[in-house]
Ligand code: HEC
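So this first bit is one chain, no partners, the form predicted alone, shown in structure tokens.
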């Protein structure tokens, strides 16, 4: 009997846990959770570049804090159990037979249930706030515009339907319907392969895919939405000014860069057509120079007078595996500091280009080609494209004439027309099976629509892409292709000749 009482008191001592120990453990658990939740949220996430990012990160921090506390609790109790209740030398007694503890079971049921309910409510509130319709979406100049996002293997394009009316003589702006009522005037629209906004602008994108499922994802905005075949989806967010501010600018040639690498400096000159995006680090003392950083990581010095308007730049990805070029399907969101700089650096110039198009078809084509998804598959150094799933377009003006014979067309210009309108008629060797979409002239949502004017300009632009940079070296075979100082002498004749070549490819 004495032995039994001794064992019971021994077991009681072994399992006894003081209130002080419980409090210390609880305080340590809370501190651990708060530190992990606070530090890791700040360190592992991109900068908060939208109003939605602030709300989303707040929810993530709560989840991470609670998860860290649970981790500390479980792992801590396991560690304590291993140390405190380990097998003792020469101890051959049985462990105590403990069965049931109603209080403990109630506690470990109610607390997790309450936590789950609270997290569900918080998550719903954040989701509802982030996805709810916004007041005054896409407002520019005090009026709403529409922004359509299009995903297509393997590039993003963004159409801006503005609040500026096309002249009636250009658009047939007012037409009479069967019921005798006049339709709304046609608005100026333009397409880019980068998304532009200004800080504080409520962005709402109407999104469609041209082929398979894509997923629109900007990590810095904390927004992500799928693009589904046959269905229009929507995403909303509001960019904000961040602590990093607006560090990027675009250098427009000609300019010189004083590159710094491995302790040495080298001056490199860039020509008139060069556009180079750099990150501004700051002005150098003792001279009119500004230090900038290239995308490669190299730093350089440039004349401060060449530093243009600044903006923020965030990568825009496709987060859904969509084919062989999925990794190259990305673009950028450009955020301007305010509406005034947005208008001056982006919007007004695009509208003016539509209202007052250049007479030169090469310039027309240079602007038009960026409205399509060509950058996702092709490399073209002149426009900064680096796609790998389609043949490179560098020097296409030199090669087009040689391809004409093998494709059964009259000359190099018609070969380019055929490649755009009927891409399956001929595949460049080594690229069999590459998915090149049909760009037809019928706007029926069956294929990618390309107007005849865009086609003519794009063909002229591609014919000008020669290895030497001299457009007279083009082998496109156009009789009217004459130039002085690398500029077409009779652009109207080139347009007329390309019109005749491309007319048979009209749908």
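Just so we're on the same page, rigid core means the largest C-alpha set that superposes within 1.5 Å between forms. Residue numbers count along the first chain shown, from 1. The structure presented is a predicted model; accordingly, all values stated were derived computationally and were not measured.
One more form of this protein exists, namely the form predicted together with the ligand; it is left out here, but the text below deals with it.
Mapping the unseen interface onto this chain, residue 137 falls outside it, with no heavy atom inside 4.5 Å of the ligand in the predicted bound form.
In the predicted bound form, at least one heavy atom of residue 437 sits within 4.5 Å of a heavy atom of the ligand.
The closest heavy atom approach of residue 389 to the ligand in the predicted bound form falls within 4.5 Å. The ligand in the predicted bound form is not approached by residue 218, whose heavy atoms all lie more than 4.5 angstroms from it. Contact with the ligand in the predicted bound form, judged by any heavy atom within 4.5 Å, is made by just one of 378, 367, 196, 150: 378. The contact with the ligand in the predicted bound form, taken as any heavy atom within 4.5 Å, belongs to 373 out of 373, 188, 333, 345. Residues with any non-hydrogen atom within 4.5 angstroms of the ligand in the predicted bound form fall in just one of 393-401, 261-269, 231-239, 99-107: 393-401.
Counting a residue when any of its non-hydrogen atoms is within 4.5 Å of the ligand in the predicted bound form, the hits in 448-477 run 450, 458, 462. Once the cores line up, the CA of residue 397 ends up 2 angstroms or more apart between this form and the one not shown. Relative to the superposed rigid core, residue 65 undergoes a CA displacement smaller than 2 Å between this form and the one not shown. Residue displacement note: residue 383 has its CA displaced by at least 2 Å between this form and the one not shown (rigid core superposed). Between the C-alpha atoms of residue 378 and residue 295, a gap narrowed by no less than 3 Å is obtained in the predicted bound form, as opposed to the form on display. Relative to this form, residue 392 and residue 297 approach one another in the predicted bound form, with their C-alpha atoms ending up at least 3 Å closer.
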